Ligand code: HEC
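Let's start with one chain on its own, the form predicted on its own, as structure tokens.
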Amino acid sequence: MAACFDCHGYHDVFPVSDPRSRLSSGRIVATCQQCHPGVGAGFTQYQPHANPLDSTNYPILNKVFLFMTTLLVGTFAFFGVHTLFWLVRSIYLFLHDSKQFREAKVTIERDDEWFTRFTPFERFLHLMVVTSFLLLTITGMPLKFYYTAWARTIFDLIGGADVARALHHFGAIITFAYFALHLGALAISLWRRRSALRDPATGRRSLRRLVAAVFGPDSMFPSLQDGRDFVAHNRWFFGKGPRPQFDRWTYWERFDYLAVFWGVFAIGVSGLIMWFPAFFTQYLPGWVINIAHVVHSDEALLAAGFIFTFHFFNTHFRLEKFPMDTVIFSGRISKSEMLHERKRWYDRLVAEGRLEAHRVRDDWEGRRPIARTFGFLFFGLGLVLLVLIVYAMSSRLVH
């Protein structure tokens, strides 16, 4: 950890304009190289005392800070209201007819017809996402909330800041690995399905078929149907319409998916800048490191807060799924659940003659306890981290 004297000196502190100062134009590069070997003049533009709230002296940093703060607050406000409405509606239905609610849940879990929803490869990628995300959060959040006792305890348990840094970098490598694997799988899938883009009558590629592939029900890219589903779902929250039936993907699942793309880009690029400052400041001014720190810190907080609250609710904690939806571990969904929640997908598979191709015939019950154990471990850690984060933020506001 750098101290004031590392940059300013001990008994040789002079104004920056004085050639004898360690931070003068003729000596600052050598001063920085004491802790950051190989850095050049660009690195010296890093501003260690920059205040993101100071729009006069740091206008660009301030604008980035305001954007990230607005994104964080806006996302939590929007999905907070959405989750509240959904929770209230679920509680109302449970209290209105709890017997039917429980019977429907048992039927979904004990159905004898199951269909594949996630392939083994997709489940493996999700395991990489979960483990790397938890590792990054456990090793990263103590840095953000360094002033708390729990942050120091975590560092002590891990083995110190150096070990935490190494583990954080390892988590980043896993993140880039699963992202590359997913993009590779997408490219292979598109290549295999390239014939579907051609009009069977003319043999030429069709724009209409391309649009259908990009925005179709099997794609994770949002479509107009998601907007219609969102409106219908909100009408159902207030009893103004029937509960909407979804296809293979819901609008909130597609949002989660795109959020990973944004998160990996924002957190990944900013993290690489801070990981390899000497390389990036060969081409960029040093104050980009200040921006990277704000983006990395705030986006990480947004990601952790979102996953441990709204994603957990949508996936596990709403009453019909509580305490856990094991689909991402088993890869399978029961026929009863498909008809109850994703009837559009079921009807489409039947109409296209693809339902039997999705049918699962192997046993799952024997592996269910293992999956649930890992599931409880994963989101148990997430909930503990959420409590610690909320405590750290609230304690800072109080003081």
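What you see is a predicted model; the values in this text were computed from it and never measured. Superpose the two forms; the largest set of C-alphas matching within 1.5 Å is the rigid core. Residue numbers here begin at 1 and follow the sequence given.
Not on display, but discussed next: the form predicted together with this ligand.
- Using a 4.5 Å heavy atom cutoff, Pro15, Gln34 and Thr44 all lie near this ligand in the predicted bound form.
- Taking a 4.5 Å heavy atom cutoff to this ligand in the predicted bound form, the contact residue among Arg152, Arg205, Arg165, Arg228 is Arg165.
- For the candidate set Ile28, Met68, Leu349, Ala371, a heavy atom within 4.5 Å of this ligand in the predicted bound form is found for exactly one residue, namely Ile28.
- Of the candidate stretches 183 to 191, 81 to 89, 289 to 297, 303 to 311, only 289 to 297 has residues with heavy atoms within 4.5 Å of this ligand in the predicted bound form.
- Within 4.5 Å of any heavy atom of this ligand in the predicted bound form lies no heavy atom of Arg354.
- The closest heavy atom approach of Pro48 to this ligand in the predicted bound form falls within 4.5 Å.
- By the criterion of a heavy atom within 4.5 Å, Cys7 is counted among the residues contacting this ligand in the predicted bound form.
- When this ligand is considered in the predicted bound form, Leu23 lines it closely, a heavy atom lying within 4.5 Å.
- Annotation: Cα of Arg27 displaced by at least 2 Å between the shown form and the other one, core superposition.
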